[in-house]
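Taken one at a time, structure 1 and structure 2 that follow are two forms of one protein chain, written as C-alpha cells.
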Structure 1
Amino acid sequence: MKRINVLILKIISPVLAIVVAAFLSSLVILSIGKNPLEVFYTMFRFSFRRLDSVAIIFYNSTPLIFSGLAVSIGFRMGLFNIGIEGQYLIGTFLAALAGFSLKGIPAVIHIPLVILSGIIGGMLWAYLPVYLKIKRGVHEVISTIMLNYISYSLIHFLISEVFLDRSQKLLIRTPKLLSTALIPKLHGLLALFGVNLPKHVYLNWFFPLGILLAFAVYYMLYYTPFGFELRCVGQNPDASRTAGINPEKVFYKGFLLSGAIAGLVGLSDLMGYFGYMDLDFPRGYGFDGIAVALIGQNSPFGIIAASILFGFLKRGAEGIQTLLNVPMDTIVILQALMILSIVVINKVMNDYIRRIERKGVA
C-alpha cells in the first residue's frame, strides 16, 4: 500500500505541479493581452514539428541533467547547494584553460583532461562552503550564494585581464580551444540509425554522458555503502551518528561530489558550441538545476525527464518570442511557479497519505 502511495506521489505531483504552474502563467500571459492557449500551442508546434528542433531540445537539456543531479545529491543528504552557478563557471573556466593551453596531445587524451579540469574546478569551488559549514557553522545557502557573486567577478577578471585573447580586437574572451579539446557531435552516431541532423544542431556526446551519469548516480545511491550513508544522513543526521555514520564525513564527500558534477554543467556549451569562454557565457543553469531536481523528485531518472521538459520550454520560449512577441521570460515565471507548486503539492499529498495511514493503524 505504502509503495503504491509513494509511486503515485512521485508521478502525480510533478504532473499536477506543471498543470497548476501552466494555469497561473496563463494569467500572466493574459495580463499582457495575449491568448495563453495560442502561446502554449505555438510552443508545442514550434518545438516538435521538426527533427532538428527536437534535437535542440536534447541539446538544451544537457547542462540541466548535470545541474539537476548536482543539486539532488545535496538534497539527498539534507544540504542545499545553491552554488552550482559559481561551481560550473569556475569549472568551465578551468576546462577552457586546459582546452586552449595544453598543446600537442591527441583528442583521446585532451578531451578527458579538459573534462577533468572542469570537475576539479567545480570541486574547488564546492570545498569552501562545506568547510565553512562544518568548521565554522556557516549555513551553506548564504556561503554558496556569496561564492556565486565572487565567482562572477573572478571569472570577469580572469577572462578580461589574464587570459584575454589578444588576437581579438573587439571581443573580450579567452583564446579558442584547440580542435583536440572539442567534443564531437552526435551526428555520426545518429546517422547509423538513419537519423540525419542538420549542421546547425549542436547536440553532442555530453547528452548520452549525462544520461549515463544519471544511471551511475542511481547505482551509487541505492547499491553502494556511501549512497546508503548519504540517504541516512539526509533522513536523520542524529540517528545516523548513533548508527556509526559520521555525518560530517558524508557532508564533505557528498558536497564535493555535487561540486564535481556541477563542474560538468557548462562543458556541453563550452566544448560543443562556443569553443571559448566569454563574459556572456550562459548563466542560470545552477538555478534551473534546483527546479529540475525538485520536479524530478530528486530521482536520477526523474531529473532526466525534467531536464528534457525544461529543454523543451527553452526551445518553445524562442518560438513564442519570435512568432507571437511574447517575452521569453514567461518560462522563467513558469519555472518558478513550478517549483512552488511542486513543493506545496508534495507536502499536501504527503500529509494526506500520512493521515490515511494513521487511520489505517487506528
Structure 2
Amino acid sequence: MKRINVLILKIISPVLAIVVAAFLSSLVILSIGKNPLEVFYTMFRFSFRRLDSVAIIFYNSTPLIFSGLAVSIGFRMGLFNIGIEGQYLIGTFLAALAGFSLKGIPAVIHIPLVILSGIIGGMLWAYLPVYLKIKRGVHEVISTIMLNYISYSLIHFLISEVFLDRSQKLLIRTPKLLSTALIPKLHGLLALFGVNLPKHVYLNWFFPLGILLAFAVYYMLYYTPFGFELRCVGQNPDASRTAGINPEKVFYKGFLLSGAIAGLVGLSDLMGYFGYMDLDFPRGYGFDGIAVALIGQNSPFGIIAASILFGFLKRGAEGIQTLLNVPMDTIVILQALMILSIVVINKVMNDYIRRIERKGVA
C-alpha cells in the first residue's frame, strides 16, 4: 500500500508544482492588467499550433538537455558542479577554434573534431576544481564559481585580442566556422516523414544526440559498475569506502564526465546557428541546467522533459510578448516564478516521499 502511495505522490508532485507555478504567475499577470487565461492560452497556441514552432521548442531545449545531464552527474555523486557555465564556454571556444582553424578536411572528419574539442575544453575546465577538492579540500562550489568568472574574462580576452576577426567591424567575434564544421539541420530527415520545416528553424542533429546521450547516461548509471559506484558514493562516501570503493577516484571520473558533457552545451548554437563565437554568445545555460536537473529529479528522461518545458517557456514568452505586448521584464518574472515554484514543490514533495520510504524500510 505504501508503494502505491509513494507512486501516486511521485506522479502528483510535478503536477502540483505546475499548478502552483500557474497560480503565482496568474497573480503577476493580473498585477499588470492582463487576463491570465488569455496569456496562458496564447502561450500554448503560439507554441503548438504549427510544427515549425514545436521544432523551435526542441531547438531551445537542446543546450539544456546537455546542461541538465552534466549537472545531474555531479548531483548523483554528491557534488555540486556549479561550474557548467564556465566549462561550456571554454568548450565552445575550443570548438570554435577547431572550426575555423582546421582547414582542408571533409565534414565527416571536421565535425567530430569540433565536437571533440568542445568535450576536451569542458573536461579541462572541470579538472582544476575536482583536483582542488580532492588534494586540498577546496569546496567545489567555491572553486567552480570562481572559475566561471575567470572563464568570462578569459573568453573575452581571447575573442577580442587574440582571435578577433578583423575583416569586419560590426561584431567583436572569432572568424566564422568553415562550412565543413557546421552541423546539418534535421530538415532533410524530417522531410522523409512529410514534415517540411522552414529555413528559419535551426533544429539540428544535436537534439537527437542529446536524447541518445540521456539514454547512454541512464545505461551508465544503472547497468555499469562505474554507475553503481557513482550512486553509492553519492549516497554515502564513507560506507562506499568501507565496501571497497575509492570515492576520490569516482569523484575524478564523474567530474570529468560532467565537464565533458558540459563542453557540448554551447555547440548547437555555435555549429547550428551563429557559426562563430562573439562576446554576446548565449550565457546562462549552465545555471538553467541546475533548475532543469532539479525539476527532472536527476533522471535522464526527466531532464529531457524538463528541458522541453524550458524550451516551451522561452517560445511561449516570445508569443505573449509579440501578441499581447506583455513586457519583457514581466516575462522574466513569470519564468523565474515557474522555475522557483517547480523546484521548491519538487524538493518538498521528494523529502516527504523519502520520509515515507524510510519509515517503510524501518
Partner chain sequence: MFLIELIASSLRMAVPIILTAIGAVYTERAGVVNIGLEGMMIVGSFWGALGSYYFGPYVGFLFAMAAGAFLALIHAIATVTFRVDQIVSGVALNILAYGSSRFLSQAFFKMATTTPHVNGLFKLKIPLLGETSPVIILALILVPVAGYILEKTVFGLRLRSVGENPLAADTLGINVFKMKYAGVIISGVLAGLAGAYLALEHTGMYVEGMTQGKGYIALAAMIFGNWTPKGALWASLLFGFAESLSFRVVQNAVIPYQFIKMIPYVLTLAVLAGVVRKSTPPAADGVPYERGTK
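Since the model is a prediction, treat every value here as computed from it, not as a measurement. For numbering, take structure 1's sequence and count from 1. Under this definition, the rigid core comprises the largest set of C-alpha atoms superposing within 1.5 Å between the forms.
- Of the two forms shown, structure 2 is the one predicted alone, while structure 1 is not.
- After superposing the rigid core, the Cα of A305 is displaced by less than 2 Å between the two structures.
- Superposition of the core reveals a Cα shift of 2 Å or more for K34 between the two structures.
- Positional change of V54 between the two structures stays under 2 Å at the C-alpha, relative to the superposed core.
- Here the two forms are laid over each other by their core, and the C-alpha of D351 is off by 5.1 Å between the two structures.
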